[in-house]
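Just the one chain here, the form predicted alone, laid out as structure tokens.
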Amino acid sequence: MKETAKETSKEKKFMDWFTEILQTAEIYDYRYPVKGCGVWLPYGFKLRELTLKILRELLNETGHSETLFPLLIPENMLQKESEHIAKFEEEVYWVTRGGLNDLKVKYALRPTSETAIYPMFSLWIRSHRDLPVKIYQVVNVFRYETKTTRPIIRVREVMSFKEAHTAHATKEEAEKQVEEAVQIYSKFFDKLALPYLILKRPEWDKFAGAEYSIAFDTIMPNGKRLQIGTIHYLGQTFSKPFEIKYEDVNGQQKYVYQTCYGISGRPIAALIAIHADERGLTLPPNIAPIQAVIIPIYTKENREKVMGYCKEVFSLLKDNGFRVKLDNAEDETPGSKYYKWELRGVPIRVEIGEREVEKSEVTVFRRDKLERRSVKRGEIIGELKKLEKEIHLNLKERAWGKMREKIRLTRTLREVIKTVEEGKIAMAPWCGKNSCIKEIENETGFNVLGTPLNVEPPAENCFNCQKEAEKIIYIGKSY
């Protein structure tokens, strides 16, 4: 790759590096002629597909059902919940004409789907026997983003947006659903080998219409927070205006309690940014479009013998469930093939030359540690499956270690400012009063990220007002 893809640029010129690696590794092309929109290339689309497959499996096994709602939302439905529309009205794309005719009712391109889904909930839910309802969909959402757009990270057409929506008979059941959502997301990000913080958002930064919001954040190489998942307890904020009621066991009509939670394409951006190195992508094996690539090394004299052995190893790997590619391109050297597949983050490279054929073995190269070792042919499957687990664990531990290095405990406002300006996230004791921290955002331009769940504060005073601390607060810069 060019100099901008070196490790130093990953931190100092992150967006230049990130945009370049997306294109050169054939993940995502941001040159589409509409601002804030890009194209998932075939290799990137496969990465996206495998990532969503994990998320779908986690949702399905916890009783969620996949569905699909229309893109268009009538204006009157979008306006039913006042706090919700107030948040989104500046971001909505409107359809005002159909063909040559002006429409009598404007339609919004889905910015999020609460106001599309909940009118249907009011039709479907009649009795306590209909509860709980747990559905999700994977769709594109549209938001007229006025901030600087970034490929995948901040776009106007958000592709691969997974949003789940649930309805419950009681507050307790709905809050248990929030806990389940936290568990689902934790498992999901663990499977991507991504590190994360689970933070309750400050009151002014919660989802429009939510009683409270919980977010999963990770820290990018340049020290900025990236929100990669959100969970919202809605209470009865939407069930009342949308008349979502059920008849309980005593024959009384009651409003349901609701939750919703979403994940966009940002986890893919995060895993690319966090796991990559100066050579390109480094992908966890479970989501890598190609898990192993076979590189033949031959001369004119031994080509037929080497290629025959390569094809046998290819069939062996494919028959055992590996996503494998045999790179038999005639016009590339083995070195250029190494470069190409390292750039694309293929976890395992299998090198086969005459020596490997004669010894009935292969040379295995692992992308994460850039290490080689010889493996006997009869041990290939067992060794590669073992190696996949080792690579995943190494990427996970390495990523968590890097994130922890970017978090610093601070005790004064001066320490907070110094820490954030150095490209880190500040963790500070806090008195618990919103008035004490909201002014921090106004005065510094930093973001108050939130408080961790179930974490006791140190026996210290608030970093800002010096009163007794009740909580821990995280502060930093964000995308």
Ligand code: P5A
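It should be emphasised that the depicted structure is a prediction, and the values quoted were computed from it without experimental measurement. In this text, residue numbers run from 1 along the sequence as written.
A second form of this protein, the form predicted together with the named molecule, is not displayed here; the remarks below concern that form.
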property	result
The named molecule contact in the model of the complex: Glu388, any heavy atom under 4.5 Å	no
The named molecule contact at Asp368 in the model of the complex, heavy atom, 4.5 Å	no
Partner proximity in the model of the complex: Tyr212 to the named molecule, non-hydrogen atom cutoff 4.5 Å	no
The named molecule contact in the model of the complex: Gly229, any heavy atom under 4.5 Å	yes
Which of 359 to 367, 388 to 396, 157 to 165, 330 to 338 sits within 4.5 Å of the named molecule in the model of the complex, heavy atom basis	157 to 165
Single option in Ser264, Asn222, Thr237, Gln291 placed near the named molecule in the model of the complex, where near means a heavy atom within 4.5 Å	Ser264
Partner-contacting position among Val350, Ile152, Val346, Ala193 - heavy atom within 4.5 Å of the named molecule in the model of the complex	Ile152
Residues in 193 to 217 with any heavy atom within 4.5 Å of the named molecule in the model of the complex	Phe207
